[in-house]
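Just one chain is shown here, as structure tokens, and it is the form predicted on its own.
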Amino acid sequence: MTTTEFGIVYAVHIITSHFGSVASKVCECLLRRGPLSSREISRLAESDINHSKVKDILYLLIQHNCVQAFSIEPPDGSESKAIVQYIALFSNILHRARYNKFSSKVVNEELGSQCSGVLDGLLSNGRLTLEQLIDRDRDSKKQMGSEAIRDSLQKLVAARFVERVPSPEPVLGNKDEGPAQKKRGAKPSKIFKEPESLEERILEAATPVDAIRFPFIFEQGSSSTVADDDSNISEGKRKQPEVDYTSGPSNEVIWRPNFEELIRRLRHKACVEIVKERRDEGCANVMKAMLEVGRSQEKKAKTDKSVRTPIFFSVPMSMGSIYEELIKTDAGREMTQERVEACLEQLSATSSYLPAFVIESDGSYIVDFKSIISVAQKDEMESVVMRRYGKEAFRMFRYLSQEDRFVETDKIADAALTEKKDTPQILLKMWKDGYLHMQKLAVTGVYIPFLLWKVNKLIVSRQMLDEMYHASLNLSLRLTHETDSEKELLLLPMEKLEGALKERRNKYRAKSVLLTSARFKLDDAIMLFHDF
């Protein structure tokens, strides 16, 4: 989904909060104008930033995974050199607002507090080597020790929560050469289609093969180059440069958080919660087991477009493998195989108001992520319509969503049980705000044309996403305002506060908790439409 206006404003605000106004000017220039060279940025940025300062800011943003450098091969026969350009990674910038979710809701729950602490170091510093992680631990009040850091990092890499950094400046092939040309040594069945967007092409080119991206360096020692051996590169992937671009000066591997996997785990948690709300606890337990079974294979089930494209279906899995995974948990051991079969039947059922969450095919079961997430998106859309336009508009919107076609005004009034004289005004309100698509149908002999209405889910999703970015921006600005207004009070020790000062501090704390919680929940909705 393309970036919206308030999406850009919100992303720029995040950069401003974390790195200052000068860095935000560089980032905004990239978000609004697309890929640029460092000299073009220094010329186009809306402030007086010299070229040297621009390069320093770009290195900072690359360190924190907000910008990716790349270059494009010059046309054949051209003597000009490839110019390094930079592109802002919009999704990675938004991820900065959900670092707490990655740490507490994903890693801490699955791997424990020590792994969560190591991930916190990578999230706050962007990219670090093992030695830098150990040095950071020595400076902290609660030290873990070098062995605990090493073990935690190994677990994070094994779970794919942490990855080796990508290529700093991938070179894209000239687009004119076309998709028909084959890469040397690649089988025809292994060749992927060219990604649609430039950002997807850049990320695909920068991402190394799994043997390099998730190396098992701890089995051979931290200085081992086993992961860089060409024999470990799966056939059909692009050849990596000979220079070890993912290592520091001491030949140590540089690590960074793997946002792709962290978002996938949050998507899995969201799917389980949706199934629990719309079905029952038993179906949620079965869904959780299915996601566990399909997790390892899901990493390989990429779509045509890019490694970053969301996966809409899991791999097929048998009833036996699902039940085997289910009985590993306390809740699962309480369920008989007959009960599990009944839950799978429920999940595979389709009704007028609920799609099938699981597809059954030849005795195998496939999780339909798109159907599950679409239910939550539909609920979010309808709740917004209800709050903004009232119950009658909600019934009209729901009816049009289910019909998924153009419907005339009178039929909408009959289906939604509303007065025919009031229906056009309500529909026009939603149309003016971009929630409906209207079409006029001229009929011979009739002066007033028939009006047909339809919910365009793609347009509504984009409209709602932009509104959510705006709301999240406002919440963040209000929190910043509250903090700045009480800056002097927050410097005083809590135990020394009495009377009115203590009451002011408590009021600030209550406001801060409320605003943070609201922003936290709003970000869940943003992920539904943008990341899942």
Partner chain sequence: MSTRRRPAAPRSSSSGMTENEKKILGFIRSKQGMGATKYEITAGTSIQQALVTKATTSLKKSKLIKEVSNKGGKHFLAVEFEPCKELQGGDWYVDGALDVSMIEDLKEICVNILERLKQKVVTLEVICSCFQKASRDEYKLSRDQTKVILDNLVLDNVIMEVKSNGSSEHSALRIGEVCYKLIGKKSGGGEARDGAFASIPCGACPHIGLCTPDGAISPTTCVYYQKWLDF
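Positions refer to the first chain, counted from 1. Computed from a prediction, not measured in an experiment: that's the story for all the values here. Basically, rigid core = biggest C-alpha set you can superpose within 1.5 Å across the two forms.
Just so it is clear, the following notes concern the form predicted in complex with the partner chain, a form of the same protein that is not shown.
Shown here without its partner, the chain carries E40, A82 and F214, none of which come within 4.5 Å of the partner chain in the predicted complex through any heavy atom. Put simply, K420 is close to the partner chain in the predicted complex: some heavy atom of it is within 4.5 Å. The partner chain is not shown here, but in the predicted complex it comes within 4.5 Å of a heavy atom of D379. Contact annotation for A525: at least one heavy atom lies within 4.5 Å of the partner chain in the predicted complex. In the predicted complex, V455 stays away from the partner chain, with no heavy atom inside 4.5 Å. With the partner left out here, the partner chain still marks one of 136-144, 352-360, 123-131, 106-114 in the predicted complex; by a 4.5 Å heavy atom cut-off that stretch is 352-360. Among the residues L60, L497, A471, I49, the one placing a heavy atom within 4.5 Å of the partner chain in the predicted complex is A471. Only one of R462, R278, R339, K370 comes within 4.5 Å of the partner chain in the predicted complex through a heavy atom, and that residue is R278. Contacts to the partner chain in the predicted complex (heavy atom within 4.5 Å) from stretch 97-133: none.
For T483, a C-alpha deviation of 2 angstroms or more is recorded between the shown form and the other one after rigid-core alignment.
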